[in-house]
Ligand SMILES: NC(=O)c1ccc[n+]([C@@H]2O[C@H](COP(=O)([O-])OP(=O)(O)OC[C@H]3O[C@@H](n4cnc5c(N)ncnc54)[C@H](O)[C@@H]3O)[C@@H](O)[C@H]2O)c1
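So this first bit is one chain, no partners, the form predicted alone, shown in structure tokens.
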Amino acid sequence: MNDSADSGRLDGRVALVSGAGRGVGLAIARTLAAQGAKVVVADAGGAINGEDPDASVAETVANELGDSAVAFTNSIADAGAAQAAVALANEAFGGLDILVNNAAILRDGFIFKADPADFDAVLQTNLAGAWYLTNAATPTMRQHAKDNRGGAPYNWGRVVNITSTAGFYGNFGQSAYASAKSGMLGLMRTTAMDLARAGITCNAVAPFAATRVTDTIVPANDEQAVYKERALKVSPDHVAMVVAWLCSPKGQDITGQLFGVRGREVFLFSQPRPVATLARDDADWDVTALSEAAAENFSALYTDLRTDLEVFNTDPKV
């Protein structure tokens, strides 16, 4: 077993972090490198809506991290680019042990006004891009598991999906973003199942932090204005440390889970499971019988329509 196991360090490992040029992704790249990992800084450098790519964004971060990093500047919203990013990790550092799917763009609009092309673009980057990278990276990780890379038993393989509470609470005007981030949970669960036999974990983390996404919030009321003010005080470094923990040997037994990070608070979220059941043996349901049974058994359990901004609008621990 590698000497880093007891300390939780990541010496010897290679990480690929998408969207690593700014915000949460940048904090994750820096923290993984500080913990001893080599990092592929994958970021096309575009604006928050995905337009106007700028290769210097990823290159600047890679230069900052020095010999511990290399830049990948193509958009991962393309299966070929995802394969190329994984190939770069293998060529530059001899393998790939950690994948952090963080890249995301934002194109908001109420469902009755939104442009289908914007929906497609958001899904392509935020969800398809994560699938492409996971699909490209996991054959290498599985081979590492067979080779006991880092020692036996193998415990280096990690996938972390950066999701959002918008994906399971929802938020006004974010049908595309919320759909993609919700899809990240299904991708996480299935990836965890598919890789369990190889000893590779997959988890999801929902960040609360000052990022370009937080910056774009246009408060619709005083409550949302207060939420934004609070969120802008929260450093993404807290999120990065939770990711480093999940990627460390100390995270080996944690897989298929959904976490949230808000400053010094770390949440473990429940995941959708039945909370009540209607069943009958005497006949099929009809509208009247369903209505009466649901009123008696379901009504008190229905989930409200509060947004994530409303639910988490309390002072964070920073």
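Residue numbers here begin at 1 and follow the sequence given. Keep in mind the model is a prediction, meaning the values are calculated, not measured.
As for the form predicted together with this ligand, it is not shown, yet the points below apply to it.
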| property | result |
| --- | --- |
| Proximity to this ligand in the model of the complex (heavy atom, within 4.5 Å), stretch among 147-155, 201-209, 243-251, 134-142 | 201-209 |
| Site check Gly21, Thr125 and Ser164: each within 4.5 Å of this ligand in the model of the complex by heavy atom | yes |
| Heavy atom of Ala42 within 4.5 Å of this ligand in the model of the complex | yes |
| Any non-hydrogen atom of Lys181 within 4.5 angstroms of this ligand in the model of the complex | yes |
| Interface membership of Ala103, this ligand in the model of the complex, 4.5 Å heavy atom rule | yes |
| Ser175 within 4.5 Å of this ligand in the model of the complex, heavy atoms | no |
| Answer option from Gly263, Gly46, Gly36, Gly256, heavy atom within 4.5 Å of this ligand in the model of the complex | Gly46 |
| Proximity to this ligand in the model of the complex, single hit among Leu187, Val86, Ala77, Leu195 (heavy atom within 4.5 Å) | Ala77 |
